[in-house]
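There is one chain below, alone, in structure tokens, taken in the form predicted on its own.
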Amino acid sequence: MKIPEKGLARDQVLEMLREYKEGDVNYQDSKTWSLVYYLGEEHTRFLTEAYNTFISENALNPMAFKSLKRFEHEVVRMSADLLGGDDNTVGVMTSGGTESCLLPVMTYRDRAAGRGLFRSKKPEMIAPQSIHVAWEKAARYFGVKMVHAPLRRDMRVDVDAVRKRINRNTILIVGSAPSYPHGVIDPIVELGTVAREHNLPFHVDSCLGGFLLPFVERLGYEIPTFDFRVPGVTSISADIHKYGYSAKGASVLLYRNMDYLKHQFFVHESWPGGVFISPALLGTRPGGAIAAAWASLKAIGMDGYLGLARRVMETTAALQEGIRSIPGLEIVSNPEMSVFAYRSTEKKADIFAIGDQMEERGWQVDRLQRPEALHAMVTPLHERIIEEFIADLKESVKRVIADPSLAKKGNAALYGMIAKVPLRGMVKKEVLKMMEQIYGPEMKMPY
């Protein structure tokens, strides 16, 4: 666990890396339903070369590395064009979706404070109960009170509930396009109207859908308007390392105009090290991620993204049809794109136990709570495993129904308990203990 006294041979170190990787989930066989957006080895090699071309460059200083500033500018312009922006639309690239969610909270907080628009010690933001957890982190980090609005039966936010929660301390409204848990788009047009009525900023979290929904719409699917075409929308976040198929971590954060973005800039003029300027959270900004994002957008192109979107949506439809064909399972709500949840309608078929059985068959699946469900995020290469997945899912459901005791074992028991514990503080306390073990000096993994 110490730095070796004498450095190891590079070939030896690379071999060690490959050995350690063998214990990770194998996304290359398309049995992983989250975390990775993999297009195959050819595209990966292309991204690697693009990334490595700028692996040492630092976007901290745009005057030193003008190429990186050009790449970032062009990524912002391409993204703005894709998402209904105009010549006034501005933005920055970030390290990922979390940073693209953190920054608007800070920006709109400072904008409101500068205009004297709230009087309490804590400004407030209103977001759906289904909003990505990154916004909860942002609220905590920047001292903003998170005010949740309930969901309708279709898992989209209740717009009337949002309107009723607005007060003199509200600085921001947030909606999802789509929400991570259920894959549905909130009523962005209606929320935009509410935002305009109250002269409030309105951010659309499209980290997940920003580089897929525009192409799905172009293919003729019915997609509600969610971007800058909605007058009330003041900012949008979209991850390029998701359905833009870039290298991690690359996201883009767009504002309707500079009147909003200028509140995000950090300038410190009196540091002995010189005047310090930063457009986003990070100081050092990896040049490789910016270059790979630019390269991915340029290489795939509009026609390529349309083709990928077609494959994703056709695969999603086939998967959902297969899931619905299994007695005792249903899709949660009516998702607009390739992210969805499915749950059990059969009392004997515990959904978390089904998840355990799928993992025993080699699938990596995520669990949801409220409602209890399993989760899928479909990518183009999932088209090759549809029949295998549905066959394994059918067998898993049969196995669980035949042996109800499986709901009281393994992860099913753990997730079932967590989902049902009424005192959420107890859950948080136990999870914090687990984190202390994982990140402690001995790295005790919980499995």
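Position 1 is the first residue in the sequence shown; the rest follow in order. Quantities reported herein were computed from a predicted structural model and do not represent experimental measurements.
The same protein also has a form predicted in complex with a small molecule, omitted here; what follows describes it.
Enquirer: Could you check which residue among E72, D227, D239, D356 gets a heavy atom within 4.5 Å of the small molecule in the predicted bound form?
Expert: Partner contact (heavy atom, 4.5 Å) among the options: D239.
Enquirer: Only one of V312, I290, A127, C101 comes within 4.5 Å of the small molecule in the predicted bound form by heavy atoms, so just point that one out.
Expert: If I apply the 4.5 Å criterion carefully, the residue I get is C101.
Enquirer: D205 versus the small molecule, in the predicted bound form: is there a non-hydrogen atom within 4.5 Å?
Expert: Yes, D205 sits close enough to the small molecule in the predicted bound form that at least one of its heavy atoms falls within 4.5 Å.
Enquirer: Can you work out whether Y243 and the small molecule are in contact in the predicted bound form, taking contact to mean some heavy atom pair no more than 4.5 Å apart?
Expert: Y243: no contact with the small molecule in the predicted bound form.
Enquirer: If we define contact as a non-hydrogen atom of the residue within 4.5 angstroms of the partner, is G96 a contact of the small molecule in the predicted bound form?
Expert: The answer is yes: G96 has a heavy atom within 4.5 Å of the small molecule.
Enquirer: Would R343 count as a contact of the small molecule in the predicted bound form, using a 4.5 angstroms cut-off between non-hydrogen atoms?
Expert: R343: no contact with the small molecule in the predicted bound form.
Enquirer: Would you point out which of 278-286, 228-236, 162-170, 205-213 contains residues with a non-hydrogen atom within 4.5 Å of the small molecule in the predicted bound form?
Expert: Careful reading of the contacts points to 205-213.
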